[in-house]
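Below you will find one chain, with nothing else, as structure tokens; this is the form predicted alone, and questions on how it binds or moves follow later.
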């Protein structure tokens, strides 16, 4: 039997924002995406999680922002790690979010990326494969068992394991780096529009869209062309081309949502106001483009030199504006 150490491991993972969107599942039980996605991982906001396997514990303990919580997805991930490590030891998990939970800002992605990697390392399992140790270089192949557990927790979470631009494939959930962070000086300006959690979870919304939206099949069929166009633009560092396909993907996804029964309308009045601001900036010659996840907040992609102007323009219509830069993906800290 593999002995799980009584030490703890801390991992920080930034949120990732899909530029070519992910919406829909080909297999809900395995949480496999029906469409691929291309994302940008940010340094902050994100989640920092410490996992410690402790023989003195009779059950898993999970704390989120200092409050004891119960989440079946956390328990399932820990069970998967124990199975991989041939262990029965229970775990203490402490997570701190610097991103609002369940508000449409990908807190589950950073959360399960940090949890999965921390638990995997605390169990002394190899992150990648024989001989690779704990190397987290952008093109390293993660152990497929780790990717599977992280994806089951949150469909977009594997992308937060990689820095910069990452691509997640439809059907298989295969993960690859498109361009590591630090090779393109961009910023993502996040406009927080309303407070509180979003009205429908992404997981429930995806199933409902698949069942009832007349646009769902067209959304899936048109998606591969958007993925290829975005990856090509990223490799060429063509902000205009990337921004145009990004906005097109966002609006197609929300059209699919709006045509769902009942309609999934995540937008607020401040959402529309923020989109109007971005349109005005672009007419004034600033290359800035909008994307939105399943939530009311608006994210604006722009060059780093334009970030302050974008922030100033969005501030009057948003509750809070964050200027975020590309991040390194999930970063293990020292064992505790």
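Every value quoted in this text rests on a predicted model; they were computed, and no experiment measured them. Positions refer to the first chain, counted from 1.
Keep in mind that the form predicted together with a small molecule is not shown, yet the notes after this line are about it.
Undergrad: If you check 253, 91, 77, 230 against the small molecule in the predicted bound form, which one has a heavy atom within 4.5 Å?
TA: Residue within 4.5 Å of the partner: 253.
Undergrad: Choose from 301-309, 55-63, 269-277, 287-295 the stretch whose residues reach within 4.5 Å of the small molecule in the predicted bound form, heavy atoms counted.
TA: Looking at the other structure, the answer is 287-295.
Undergrad: So in the predicted bound form, does residue 111 come within 4.5 Å of the small molecule, heavy atom to heavy atom?
TA: Contact with the small molecule, no.
Undergrad: Would you classify residue 314 as touching the small molecule in the predicted bound form, given a 4.5 Å non-hydrogen atom cut-off?
TA: No, no contact at 4.5 Å.
Undergrad: Does any heavy atom of residue 155 come within 4.5 Å of a heavy atom of the small molecule in the predicted bound form?
TA: Yes, residue 155 lies within 4.5 Å of the small molecule in the predicted bound form.
Undergrad: Any chance residue 246 has a heavy atom within 4.5 Å of the small molecule in the predicted bound form?
TA: Result no; residue 246 lies far from the small molecule in the predicted bound form.
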